[in-house]
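First comes one chain, alone, set out as structure tokens in the form predicted alone.
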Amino acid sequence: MKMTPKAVVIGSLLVLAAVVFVAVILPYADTNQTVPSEIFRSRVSEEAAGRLIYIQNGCVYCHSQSIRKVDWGLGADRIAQAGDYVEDHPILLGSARTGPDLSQAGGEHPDDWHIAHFINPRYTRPVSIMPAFEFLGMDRVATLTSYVQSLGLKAADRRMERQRFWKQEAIKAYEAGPEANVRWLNENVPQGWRDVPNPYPTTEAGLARGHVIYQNFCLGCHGPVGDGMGPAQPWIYPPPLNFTILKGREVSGGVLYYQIMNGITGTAMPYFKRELESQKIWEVGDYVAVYFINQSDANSEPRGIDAAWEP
């Protein structure tokens, strides 16, 4: 066969047609057969407007919206399905995970945490590399927050109901005064955790590690001296806990561990059970106890079997 101009043109068109068929037509036909998943719902107008802001500001470049079986992180409790995205055009799956995956981000935090986070991510995540979005203005930040809170659709709605319920409870406790607030916080920690002391002894190295963890995760809300006056405070209600009001009270290491591990739903206090190993939670709790509450039950009774490794 001679490579005549006619053969080159026809051959090129055939190759192009094959590529279009495989890369465009077949996926389009397959996508049209996708049925909504069990969590699917249509987005309301404010959520749809927030999605446009998300696209315009390139959020998809750092955040994916798809969890695979090999993934572990925020949202990993549910594997993404094609039926989750039947109304998303374009689908914002992304390919990078510079930031956390957002496929199930709705209801992970209350609205005020997101507001503070978008104003300046360092307010809620002191070592975040995410750019600040205060330039959007409060109205557009609130709209963007509505979109993020919709991620997870019906599952996100259930989480948001839980956030709203506990926020009202947290506000009532806070507005009832420091005594009532501390009592409410302690009563919502299971009794078993209230009776557990910090199993690690207080050491210079342990406090130094706890200090670094506090700076990297806690300082933005609770402030450098633990008084709840970090830079996120103006955007959060009820405000971050002022640890210094706990002075003179019985606060076990177990209470601090439980609340750092699980967070306090309805408030801006997030959970850290997926980010911090057990010893890091104990050590940042001991740092808070020693420097802000002026008491620590570290390595006190009741003790169990000695740890395999201890200073």
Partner chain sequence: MSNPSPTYQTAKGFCLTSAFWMIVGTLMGLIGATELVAPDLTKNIGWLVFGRVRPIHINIVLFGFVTPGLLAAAFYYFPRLLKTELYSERLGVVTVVAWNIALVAVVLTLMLGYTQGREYAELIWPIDVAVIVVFLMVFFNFIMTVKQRTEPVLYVSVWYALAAVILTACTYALGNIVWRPSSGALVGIPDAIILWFYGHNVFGLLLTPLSAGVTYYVIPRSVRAPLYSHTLSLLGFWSLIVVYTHIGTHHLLQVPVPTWLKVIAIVDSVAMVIPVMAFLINIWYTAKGRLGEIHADIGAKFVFTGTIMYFFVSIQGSMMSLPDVQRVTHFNNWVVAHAHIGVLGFAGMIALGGLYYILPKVTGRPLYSRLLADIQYWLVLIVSIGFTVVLTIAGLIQGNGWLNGETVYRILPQIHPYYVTRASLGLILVIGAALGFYNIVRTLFVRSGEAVT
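Positions refer to the first chain, counted from 1. Not measured: the values here are computed from a predicted model. Rigid core: the largest C-alpha set superposing within 1.5 Å between the two forms.
Absent from the display: the form predicted in complex with the partner chain. The rest refers to it.
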property: Stretch from 234-242, 169-177, 134-142, 186-194 whose residues place a heavy atom within 4.5 Å of the partner chain in the predicted complex; result: 134-142
property: Heavy atom of each of Glu161, Val251 and Ile305 within 4.5 Å of the partner chain in the predicted complex; result: no
property: Residue contact check: Tyr147 to the partner chain in the predicted complex, 4.5 Å heavy atom; result: no
property: Proximity of Ala205 to the partner chain in the predicted complex, heavy atoms at 4.5 Å; result: no
property: Proximity of Ala76 to the partner chain in the predicted complex, heavy atoms at 4.5 Å; result: no
property: is_contact(Pro90, the partner chain) in the predicted complex, heavy atom dist at most 4.5 Å; result: yes
property: Selected contact from Gly94, Gly107, Pro199, Gly228, since only one has a non-hydrogen atom within 4.5 angstroms of the partner chain in the predicted complex; result: Gly94
property: The partner chain in the predicted complex - contacting residues of 187-217, heavy atom within 4.5 Å; result: Asn216, Phe217
property: Leu14 C-alpha shift between the shown form and the other one of 2 Å or more, rigid core reference; result: no
